[in-house]
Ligand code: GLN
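Below you'll find only one chain, the form predicted alone, shown as structure tokens.
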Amino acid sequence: METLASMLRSARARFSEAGLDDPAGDARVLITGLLGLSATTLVTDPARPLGAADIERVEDAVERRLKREPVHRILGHREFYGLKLRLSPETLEPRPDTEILVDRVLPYLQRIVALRGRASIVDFGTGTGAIALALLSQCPEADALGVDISTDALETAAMNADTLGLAPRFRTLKSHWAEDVSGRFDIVVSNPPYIVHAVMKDLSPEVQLHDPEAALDGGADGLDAYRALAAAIPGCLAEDGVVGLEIGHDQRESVSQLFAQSGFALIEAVKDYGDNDRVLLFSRAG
């Protein structure tokens, strides 16, 4: 008889043999996610018998993981800032480091709300809607526009907003960066593609095969998106607004220079959990 514990051991062993980075963690998250169980259940009820349907689901998922499909792609969702977000083929899987951007932008958003009563956000390259929806979840007085070039991404972001009860304060727009955006916003956020094109071939199979290239490839020097944003944001940022960007680990100086040339001053530079530069915040210079 297959039990929860035996299935977990089997998956962990197979992942370990395949050389996956975190076989125990992958097995735990995959099995609990598929079966709708808490991590505590693995400890309190390891002898729980599994039926044929559950065994088949787990076996299929294990095979997909062995082919290097990420765990959360298999599950179809990922948690970000306490929100369960649906994933789709043309959305980037939200990473924990991006939560730092939400953390650092949030005080500025709340300050604007304290002064004006409401605040507006635009999220360029919104993908799943992760950044904008996380901010909305923490600030009931804010509204957000999620901008993306991908119809699939915009549909996914809208579904996430609806599931989370945030749809009345979240709308989407298909646009190449700010080309079709009108109006001015108090907060501009983005986690744009920033990987140097030549490095794309060296990414892990999980990223190469399953994350959308358009959300990763930043061009020859990794800065194409930042050039577009630096040129566009002056036209859509409120006079005393704030810009929050995620960056690559070695892009602090280059991105800061691009925004300085467009009339912005760096107000914060924040490192990630690995002590790499990860988030830059700007306001209009002067």
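The first residue of the shown sequence is 1; numbering continues from there. Bear in mind that the values here come from a model prediction, so they are computed numbers and not experimental data.
What follows is about the form predicted together with the named molecule, which we do not show.
- Contact with the named molecule in the model of the complex, defined as any heavy atom within 4.5 Å, is confined among 190-198, 102-110, 77-85, 156-164 to 190-198.
- Ala215 belongs to the set of residues with a heavy atom inside 4.5 Å of the named molecule in the model of the complex.
- Using a 4.5 angstroms limit between non-hydrogen atoms, Ala178 is distant from the named molecule in the model of the complex.
- Under a 4.5 angstroms non-hydrogen atom cutoff, the named molecule in the model of the complex has Leu92 among its neighbouring residues.
- A residue is said to contact a partner when one of its heavy atoms sits within 4.5 Å of a partner heavy atom; Cys139 fails this definition for the named molecule in the model of the complex, lying far away.
- In the model of the complex, just one residue of 234-265 lies within 4.5 Å of the named molecule by at least one heavy atom: Glu246.
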